[in-house]
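One chain comes next, on its own, written out as structure tokens in the form predicted alone.
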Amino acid sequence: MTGPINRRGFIKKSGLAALTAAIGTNIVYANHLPEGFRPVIFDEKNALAGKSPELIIRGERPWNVESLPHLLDERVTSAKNMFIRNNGLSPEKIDLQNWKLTIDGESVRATKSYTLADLKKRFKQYTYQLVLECGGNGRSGYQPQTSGNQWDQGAVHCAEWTGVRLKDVLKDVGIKEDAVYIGYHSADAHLSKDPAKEAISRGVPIAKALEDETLIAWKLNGEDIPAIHGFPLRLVVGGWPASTSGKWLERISIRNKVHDGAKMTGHSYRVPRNPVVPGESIPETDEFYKIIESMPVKSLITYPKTGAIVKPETKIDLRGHAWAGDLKVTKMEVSIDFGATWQECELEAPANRLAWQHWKTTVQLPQKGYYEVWARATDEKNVAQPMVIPTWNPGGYINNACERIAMKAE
């Protein structure tokens, strides 16, 4: 938008009509808007510009914003409905012309850098639908409450990403036989703004890095990745905690050991190797903790919204998505009698490996009263979602208990 905003980025009074049209509603008290200001929705630093107004803000510094199950009813998640999980502050400036991706580390033959143009020109491009889910999705279900954002079930999405395979770039660079792990480094600033500190620098084992679907991406659903989601370049690693998909990607280090960057130690994105008593504190060492890798089997009911009121004995459409980290979902079921009996659903194959799978069915509520619809997915290793909250862990990670919605027949 350029017309109603002058070269200093301020609004022109004469442009208010255009801005009103762009927002899609009246600007209340527009006559009081100072000449030197513009609505914050048009501030490029505003993470929620273009986002659904129904999203839940879990935190503003850094931005952590949750979607809702009914907003995730789309087969491919739109940018406006995607959750936001940041660990640091978004880059203040993006120099697109000079942006480079550098591959370095103990296990590369020689350090090498690529411009965006290099990546787009020299390597074949691929497009995949990939599930990215925060490792703490569902954290609010744990008792006692753990630290971290109290996500419900909306910190997940399955969008379409376009870019080049990381393995093709690593082949061009040349990696040594002792390569064990990759670690990403990004342009977001630590909350302290100390340049010596990284907000987050995570990674995955080299085998995961070399999978076909692990991308260095620059497009989301066919458009440039939105700023808050990592423009101009992002690592996308489907099926594992979304924290492994580094935004604002500048550098990837090929390590001869498990990457030890920010948020790779302590209990960050790690769970106890053995069950612990709820609320118990254990030493934050490798002896007691393991890194979360493939996410567990899980599902969502995206239609209808919880709280729906229906007529008894009428057919009610139910639908949603299911996913299982690196695996496929092989069975999807729902129950309306608190798990006493289960009804199998129609389950689609994924659009590609690591995409979520759509499911649907119909149910009938036999008489007036309150009901809950429970949803349960089972993966190809015959592991099903538990009907109760899984074993408690200090970080509140990987809660994959059955999804539930409330319904009333009257």
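Start at 1 and count along the sequence shown; that's the residue number. Predicted, not measured: the structure shown is a model, and the values here were computed from it.
The form predicted together with a small molecule is left out here; the points below concern that form.
- Proximity to the small molecule in the model of the complex, defined as a heavy atom within 4.5 Å, holds among Arg251, Arg165, His229, Lys328 only for His229.
- Proximity to the small molecule in the model of the complex, defined as a heavy atom within 4.5 Å, singles out one entry of Gly320, Gly238, Gly138, Gly246, which is Gly246.
- Against the small molecule in the model of the complex, the set Arg85, Cys134 and Ile200 is in full contact: each member has a heavy atom within 4.5 Å.
- In plain terms, the part of the chain that comes close to the small molecule in the model of the complex, with a heavy atom within 4.5 Å, is 179-187 out of 179-187, 106-114, 311-319, 122-130.
- In the model of the complex, at least one heavy atom of His157 sits within 4.5 Å of a heavy atom of the small molecule.
- At the 4.5 Å threshold, heavy atoms of Leu72 stay clear of the small molecule in the model of the complex, well away from it.
- In the model of the complex, at least one heavy atom of Arg234 sits within 4.5 Å of a heavy atom of the small molecule.
- Although the partner is absent here, Ala242 is a contact residue: one of its heavy atoms lies within 4.5 angstroms of the small molecule in the model of the complex.
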